[in-house]
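Below you'll find only one chain, the form predicted on its own, shown as structure tokens.
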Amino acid sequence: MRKKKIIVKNIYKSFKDKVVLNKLNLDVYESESLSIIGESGSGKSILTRCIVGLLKYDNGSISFGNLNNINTLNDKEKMNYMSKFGILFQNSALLDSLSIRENLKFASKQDSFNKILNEVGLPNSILEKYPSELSVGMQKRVGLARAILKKPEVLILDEPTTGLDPIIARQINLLIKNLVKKNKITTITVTHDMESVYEFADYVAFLKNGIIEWYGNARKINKSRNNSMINFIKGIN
């Protein structure tokens, strides 16, 4: 039986006169991989920032386990809540002035990173290198390693294949698929890349006009009758 991990209920978020999330509802299930898709500016990243606790929403509630509304958490509680998430940012967000070893130590104070580097397909020799010395694909792998090192309850992937050529993007997709399944991590992926969706998503939520217009099994996405989503998948305005 599917078990709810996160419950987003009637979330409303606006910036001045622009409504970004309009009483949006979404359930995220434990150990499943959910992809959130939609046009640029549809609110995908704003939604995940609200879920992680990086951004307060105006109305509604987000529940996580025994927490009924994360908007009500004080600063200390918010920090504890945010520690439950591992995040792979779109640009990997590595600190250029620090070595790869030092970047990884932000997630874990351990001295050896051999195991996690092996899991993401990187050699130990990169530990003393700096981000600028690595390819974009290798930086993505380091960012993923750092996110998983925290042993998060939920992994957030923000456009994990942006800036990658098709071959490297495919490698990253397969890597994510294997890591998510092996570790049984609840995963939320924000992406425009339908190859990512087809590769490792269990369920898909299509966001448009501030609401989830379509939600369903990723294997049934091409059978949807939602014209907006079909046009999005086909790249039609």
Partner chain sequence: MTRLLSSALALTKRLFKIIFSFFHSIGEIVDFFLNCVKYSITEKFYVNIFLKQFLKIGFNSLPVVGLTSIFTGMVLALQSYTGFSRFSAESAIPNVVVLSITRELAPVLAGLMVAGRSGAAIAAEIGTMKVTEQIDALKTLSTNPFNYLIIPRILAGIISLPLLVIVGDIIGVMGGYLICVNLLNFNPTVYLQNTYNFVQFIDVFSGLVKASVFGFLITFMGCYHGFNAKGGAQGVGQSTTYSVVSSSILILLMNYIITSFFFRL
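Numbering follows the first chain given and starts at 1. Quick caveat, the model's predicted, so the values are computed rather than measured.
The same protein also has a form predicted together with its partner chain, omitted here; what follows describes it.
- Remark: residue 96 counts among the residues lining its partner chain in the predicted bound form, judged by a heavy atom distance of 4.5 Å or less.
- In the predicted bound form, none of the heavy atoms of residue 141 sits within 4.5 Å of a heavy atom of its partner chain.
- Though the partner is left out of this view, residue 107 does reach within 4.5 Å of its partner chain in the predicted bound form, counting heavy atoms only.
- With a 4.5 Å cutoff on heavy atoms, residue 111 does not count as touching its partner chain in the predicted bound form; it lies far away.
- The stretch from 182 to 190, 34 to 42, 51 to 59, 165 to 173 that comes within 4.5 Å of its partner chain in the predicted bound form, counting heavy atoms only, is 51 to 59.
- The partner is absent here; in the predicted bound form, the one residue of 118, 135, 83, 72 having a heavy atom within 4.5 Å of its partner chain is 83.
- Shown here without its partner chain, the chain has 146, 150 in 127 to 156 lying with a heavy atom within 4.5 Å of that partner in the predicted bound form.
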